[in-house]
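To begin, one chain is listed below as structure tokens, in the form predicted alone.
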Amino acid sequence: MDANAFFIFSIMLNKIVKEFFPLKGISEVLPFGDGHINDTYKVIFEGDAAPCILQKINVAVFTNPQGLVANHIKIQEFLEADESDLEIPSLCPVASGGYLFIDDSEGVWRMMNFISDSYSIGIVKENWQASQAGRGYGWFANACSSLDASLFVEAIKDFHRLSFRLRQLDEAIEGDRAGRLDDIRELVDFYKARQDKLMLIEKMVDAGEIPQRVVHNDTKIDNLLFRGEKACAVIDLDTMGPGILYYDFGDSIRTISNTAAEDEKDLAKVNFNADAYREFASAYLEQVRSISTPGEAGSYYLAPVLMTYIMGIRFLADYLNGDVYYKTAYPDHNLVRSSVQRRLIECMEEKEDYMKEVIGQILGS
């Protein structure tokens, strides 16, 4: 973006901020974070007013932004009476009413409070980080356990439903839109060889052996904020809604136990951090022990593999489709991401007995 275009864009951002806070002076509106989907900005006001987060919702991904808001407000109001030291971001209303502002180009915007004096991490390097992540996400799961999942909108239909993601992969393989299939057949074969085993979880859900709950649905480590050496907030609630505990437990382990970045090119750096796994599992499962059913308890060990697998085939399908969903920084970015997930699955499979043992010790089975 050249200087003139950036100047015009900055004026537009300031106008949008004024729709939420017409009486506050604006100091700066700066790009913030590195999310894959939405465009996020930190709004700094003049004087001592607390900063806020402004987001443009990607309506190509989240086709029902009003549903996102409805979900968020339900959780926001429900947790008002919660006495934990953990929190979620609170939506800020538009001055004219509601919680969404639609600009002249049909862009959909929302505002929320900024969690002060906080930070996120991308790779767990110390055991306390994994333990605090388990405390944070375990708090969220337990706090939401009395909510009726049927009253919440599914932000993205079949978001973690494996059969749906496998159909997407099969369509990407058949279409081969970007002409990349021949070079990655071995990676495709790796994922296809594991689909039947992991489909067992979906069959248990469909049979009612694993209950639907209100869960976060995107519990990677950087969706948790820390203050000092304690978790302080669970953020990025776009996908929050109906799901199963395995989704949150598994996706947390997927990122917390990975010794490298999600897009690390050197696969020798990708390994399974067994200590981080134990620390997270201990803190998380202690909080959901009382709400876990026997059906859930028996297969927690498969959840990390399931979620790593789902992310791996999503990255792979997007690569075959020509990188149309995830933001990429270079041509093979999604291939690198999928290869990292593949390597992590291999490491998890090597540690399957250990993972079962840890869960058995925590849950007493």
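Numbering starts at 1 and follows the sequence shown. None of the values given here were measured: they were computed from a predicted structure.
The form predicted in complex with a small molecule exists for this protein as well; it is not shown, and the discussion that follows is about that form.
Trainee: In the predicted complex, do Gly35, Asn113 and Asn223 all reach within 4.5 Å of the small molecule through at least one heavy atom apiece?
Mentor: The answer is yes; Gly35, Asn113 and Asn223 each reach the small molecule.
Trainee: Any of the heavy atoms of Ser27 lying within 4.5 Å of the small molecule in the predicted complex?
Mentor: No - in the predicted complex, heavy atoms of Ser27 and the small molecule never come within 4.5 Å of each other.
Trainee: Since only the chain is shown here, I'm wondering whether Thr293 would be in contact with the small molecule in the predicted complex (any heavy atom pair within 4.5 Å).
Mentor: Result no; Thr293 lies far from the small molecule in the predicted complex.
Trainee: Under a 4.5 Å heavy atom criterion, is Ser120 part of the interface with the small molecule in the predicted complex?
Mentor: Although the small molecule is absent here, Ser120 would touch it in the predicted complex, with heavy atoms inside 4.5 Å.
Trainee: If you check in the predicted complex, is Leu198 within 4.5 Å of the small molecule, heavy atoms only?
Mentor: Contact check for Leu198: no, nothing within 4.5 Å of the small molecule in the predicted complex.
Trainee: Which residue among Thr328, Ser299, Asn321, Gln55 has a heavy atom within 4.5 angstroms of the small molecule in the predicted complex?
Mentor: Filtering the options by heavy-atom distance leaves Gln55.
Trainee: Have a look at Cys92, Leu285, Val270, Ile235 for me and say which one sits with a heavy atom within 4.5 Å of the small molecule in the predicted complex.
Mentor: By the 4.5 Å criterion, the partner-contacting residue is Ile235.
Trainee: Which of these stretches, 215-223, 167-175, 122-130, 182-190, has heavy atoms within 4.5 Å of the small molecule in the predicted complex?
Mentor: Partner-contacting stretch among the options: 215-223.
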